[in-house]
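So this first bit is one chain, no partners, the form predicted on its own, shown in structure tokens.
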Amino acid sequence: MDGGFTNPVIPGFHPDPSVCRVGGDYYLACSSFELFPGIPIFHSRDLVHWEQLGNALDRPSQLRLPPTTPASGGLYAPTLRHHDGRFWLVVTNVAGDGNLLFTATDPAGPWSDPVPLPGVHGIDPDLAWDEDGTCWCTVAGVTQIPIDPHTGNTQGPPRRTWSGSPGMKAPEAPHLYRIGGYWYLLIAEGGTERGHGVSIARSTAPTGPFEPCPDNPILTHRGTDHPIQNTGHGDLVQGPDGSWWLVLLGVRPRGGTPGWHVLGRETFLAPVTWVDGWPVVGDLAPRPPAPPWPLQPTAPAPVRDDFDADALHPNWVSLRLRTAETCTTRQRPGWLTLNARGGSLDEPDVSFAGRRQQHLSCRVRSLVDPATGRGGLAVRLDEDHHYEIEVDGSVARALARIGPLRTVVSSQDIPPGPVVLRAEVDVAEAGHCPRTGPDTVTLGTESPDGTFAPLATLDGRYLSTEVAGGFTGRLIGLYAAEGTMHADWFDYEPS
């Protein structure tokens, strides 16, 4: 790889990374918000190449996301740790269940049902164990409380610790570590937007008092023209050779002013050195130097799914709930079947199955059979911001929902029977125009000979966080608005 690697290491909507190492293996968890299944779990042997093992919360008994869960609600900021021979995952479900703790002997699952933490209030929970076995749970704010991780009971009162730099908002994403003779408290601050940063403090005891690093923030891109922005929410990990690394979230804004990011917050990697007992974060370039060990590529996620397996690949997600009655590969073997339950993509409980958009440019195609239903292929940010190519009988329509406005952009007659739907996302070149959007989304159908018949080309900025708000990124997938939709295959191709 020419002595380097490409950032982000996990592209697309994979925010709030938390990492741990067990021997020569690394495991990483990310936030998933209103998606089901929840909390993707990744494995790597080199911190650069990551393979998704599964999703930690893949049963309704683990994850309750009622239809009232708003977009960007649900699961916030997990912490993944390995202690005493087990994996521990703690996360906040802001949809109503609060902080929850899960365990597993194998990170690929199955994970346990949740252990509620009713005495732990706040988001972004962290777990750390001291020498006498006390488990400390630290949350955004920053507040710390000892807990029994087996029962979820608190074992003392909460106490405030170091809450970040003076004048900085949103001290969050705390992680507590014992490194050498100190306990280090790593936090994010400044908000998860352009002011985001990583800061750190240390103490000789896990409870403090904490001395802030004189060079805080140890990482931020605020006020710069760096191509990676919103950098923060980091987690430290040590390699087997003694080197240190930071996984963190960032975004890649495109287009003119103010810059629009459409893939959500992604997972990046940066090297860390230690100077006078403080971590110094190295270059967070799109192509930093590689770790000082052989890179070991993992199996890439499939770009094409023929739906021949009994279950979907773990990179497929639905909205708030997925049941065998609404989404299955068994009803019509070799096809994905979606049975409508909630109307259009404007509805929070629509039958939808898709994957994260992970590349700035891509082409997505799917052969669908709309004989007994209405639905199609969608590029979605949330219920109020989505574009889709929809088939209804012998008509294909390009639809756009932008805030309170919903319109049929164009339509065309199509022959009866299965049809290939196609969406192409192309990066826009901003040049010197401050009003250029980040990309365009072109929707249409494809003839049997591969000819593309576009119905609409739409400005991608309206499916960006800067326009829609929230914490998520785009999904591209299939939906059923009425009746039953079948898809024979789905092909996602970076371009």
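Everything quoted here is computed from the prediction, not taken from an experiment. Residue numbers run from 1 along the displayed sequence.
There is another form of the same protein, the form predicted in complex with a small molecule; it is not shown, and what comes next is about it.
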### Query
Looking at the partner-bound form in the predicted bound form, is Y76 within 4.5 Å of the small molecule by any heavy atom?
yes
### Query
Is there any non-hydrogen atom of V91 lying within 4.5 Å of the small molecule in the predicted bound form?
no
### Message
Residue-level question: is I123 within 4.5 Å of the small molecule in the predicted bound form, judged on heavy atoms?
### Response
yes
### V262, heavy atom within 4.5 angstroms of the small molecule in the predicted bound form
no
### Query
Of the listed stretches (331-339, 167-175, 200-208, 318-326), which one has a non-hydrogen atom within 4.5 Å of the small molecule in the predicted bound form?
167-175
#### Entry: Position in contact with the small molecule when the complex is considered in the predicted bound form, options T161, Q229, N216, T192, heavy atoms within 4.5 Å
T192
